[in-house]
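First come two forms of one protein chain, each written alone as structure tokens, so that there is a structure 1 and a structure 2.
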Structure 1
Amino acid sequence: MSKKIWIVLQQREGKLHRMSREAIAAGQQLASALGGTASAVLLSSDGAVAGDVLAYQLDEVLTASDAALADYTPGGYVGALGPAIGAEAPDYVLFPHTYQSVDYVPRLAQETGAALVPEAVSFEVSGEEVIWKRPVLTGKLQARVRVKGGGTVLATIQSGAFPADSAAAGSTQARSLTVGELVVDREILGVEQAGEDEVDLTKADIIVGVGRGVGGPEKLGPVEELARLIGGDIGASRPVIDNGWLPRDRQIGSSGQTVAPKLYLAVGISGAIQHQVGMKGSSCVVAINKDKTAPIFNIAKYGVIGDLHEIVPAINEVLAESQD
């Protein structure tokens, strides 16, 4: 039996979210591995099809439109998608693993009785079965998981796992889904800037990223010296910010800034996936960490294994020599 795969795309004001294209790539690959078809699903107030979605190789573009879908709410999205999944019984429904998807997809799974694979980074198909890989223990390990029981499987696709430019082009047609009465469960009040974005790290050539391994704000001195000597800016992973060691405008990662310097020095950063999505576009990543199993080494070009409190001052000495 041909498998039916849906990819629910995320858009805002008619613009497709970057990770939606990665989800299309994932859906196309799953369809070809299983022998099936991939269709995109778009939710909106007016049924408009964002940008170039019709120019992908897809079976159909399914649109669900209702005035209540003008703003995202979990009630509206679950109310629109749940009955559609029930009526058309897709085998797999993929979503970009965005903060919006993670907000409502668990609820959709609970409501429809579908299984949920959160934060998939890859899959392998053996026969009819799909084995998913997803990070656990903040990305320090990866688990291979399978779904028990039948019915629809929902999966959210982590950023960077399926390159957007690997999505195949083609042409397809739109079809509208029937949408019943929607119950909006949030009164939307607006959107605001999370913090004053004083520091713009996105244009930096060199960034020294500070992680929890540094140990405390009183130990930042040598790292700041390193940034000065090497001509870079200081950035940080989320735990450093949450602990108040550095201000929030230094945060790099999924809830901070996305950077792509030519050199990124990750100092005491283990490399949780949320951090990696914010810096993996760097041309050259150097990781300094005492734990050689830290995931940051997987995306590093150079890894120095050892105590950063010894290595950073040693690097500073080498850099200072050439400045004399």
Structure 2
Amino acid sequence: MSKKIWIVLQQREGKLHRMSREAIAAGQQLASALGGTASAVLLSSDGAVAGDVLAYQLDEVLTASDAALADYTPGGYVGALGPAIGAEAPDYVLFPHTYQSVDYVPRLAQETGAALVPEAVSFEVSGEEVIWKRPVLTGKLQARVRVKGGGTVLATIQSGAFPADSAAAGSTQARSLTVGELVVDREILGVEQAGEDEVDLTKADIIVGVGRGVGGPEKLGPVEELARLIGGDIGASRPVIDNGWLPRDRQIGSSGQTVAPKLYLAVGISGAIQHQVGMKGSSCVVAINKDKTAPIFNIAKYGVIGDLHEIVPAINEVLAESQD
């Protein structure tokens, strides 16, 4: 029997969250591996299809419409998705692993009696069996997870695990899902962008990450110039933040932001596992470090072994000349 995969997308004001596109890529790959179908699911107040979802290679786009879905509430989302999953029995339902999905998906699993695999970073298929891989112990180890029994499996997809640009384009049609009476369990007083002056590195295509090896805040100038020349944003490992060299909104890692840029240039970063958790989904990692045994080289596509205080200014000089 053909497997049915749903991908529940996160959107706001008609715009898809970046990780929704990554979830689409994961769903397409899972459907291909299982010989099944992949459909997107969108919840909204008016049934409108967000962004360019119809331009992806999907079986269909399922839209659930209700005034109670105008703003996210766990009760509204569980109330809409729970009966739909019960009625249509998808084999797998994928979600982007965000603060929002962490809030309601465990409750949805309880309501539907579904298995839950959180923070999936990959999967392998053997016959009709799917074995998931997910980080444990703050990313120090990877666990291989097999779901026992039958029924629907819910899985949240970790940022950067499936690059958004790998999602296949195509065309599809929308279909409405029937939504019963929803219970809104939170009163939304308003939505504000927290920390408007803070940097959202999750949206950056290019990041220059700086580590303790830079030596101090007074030595950040060349690295900041490098970021300017290549059109990137500055990120940092935890020691840089703890020492007060950069503000906390620049931190990348298990206790900071999780990013997946097209290019991650790691300057003076040793690559402790806590930092790797936050950036290993980058499409291309370039590392500059004088310690040839630094763990960052294990995940870097390109590595430069040497003194960053000599290498970075030399790169800047070449880049500046090329832009003249």
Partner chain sequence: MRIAVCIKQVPDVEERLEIADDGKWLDENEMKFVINESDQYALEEGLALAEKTGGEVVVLSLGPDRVQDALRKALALGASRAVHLADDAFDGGDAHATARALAAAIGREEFDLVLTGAQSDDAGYGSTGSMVAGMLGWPHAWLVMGFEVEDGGGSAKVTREMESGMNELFRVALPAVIEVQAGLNHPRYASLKGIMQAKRKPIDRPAPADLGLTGEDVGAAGSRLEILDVAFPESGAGAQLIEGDPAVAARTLIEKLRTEARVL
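The structure displayed is predicted, hence computed values, not measured ones. We call the rigid core the largest set of C-alpha positions that still match within 1.5 Å between the two forms. FYI, numbering is relative to structure 1, first residue = 1.
Q: 1 or 2: which is the form predicted on its own?
A: Structure 2 is the one predicted on its own.
Q: So with the core overlaid, does the Cα of residue 315 end up 2 Å or more away between structure 1 and structure 2?
A: Where the cores coincide, residue 315 still shows a C-alpha shift between structure 1 and structure 2 that is 2 Å or more.
Q: After a core superposition, would you say residue 230 shifts its C-alpha by at least 2 Å between structure 1 and structure 2?
A: Comparing the forms between structure 1 and structure 2, which are aligned on their rigid core, residue 230 does shift its C-alpha by 2 Å or more.
Q: Is it true that residue 206 shifts between structure 1 and structure 2 by 2 Å or more at the Cα, once the core is aligned?
A: Moves: yes, 2 Å or greater.
Q: Could you tell me the distance the CA of residue 285 travels between structure 1 and structure 2 after a rigid core superposition, in angstrom?
A: For residue 285, the alpha-carbon shift amounts to 6.6 Å.
Q: For residue 218, tell me the Cα shift between structure 1 and structure 2 once the rigid core is superposed, in Å to one decimal.
A: Its C-alpha shift, to one decimal, is 17.6 Å.
Q: For residue 299, tell me the Cα shift between structure 1 and structure 2 once the rigid core is superposed, in Å to one decimal.
A: Shift of residue 299 at C-alpha, rigid core superposed: 3.7 Å.
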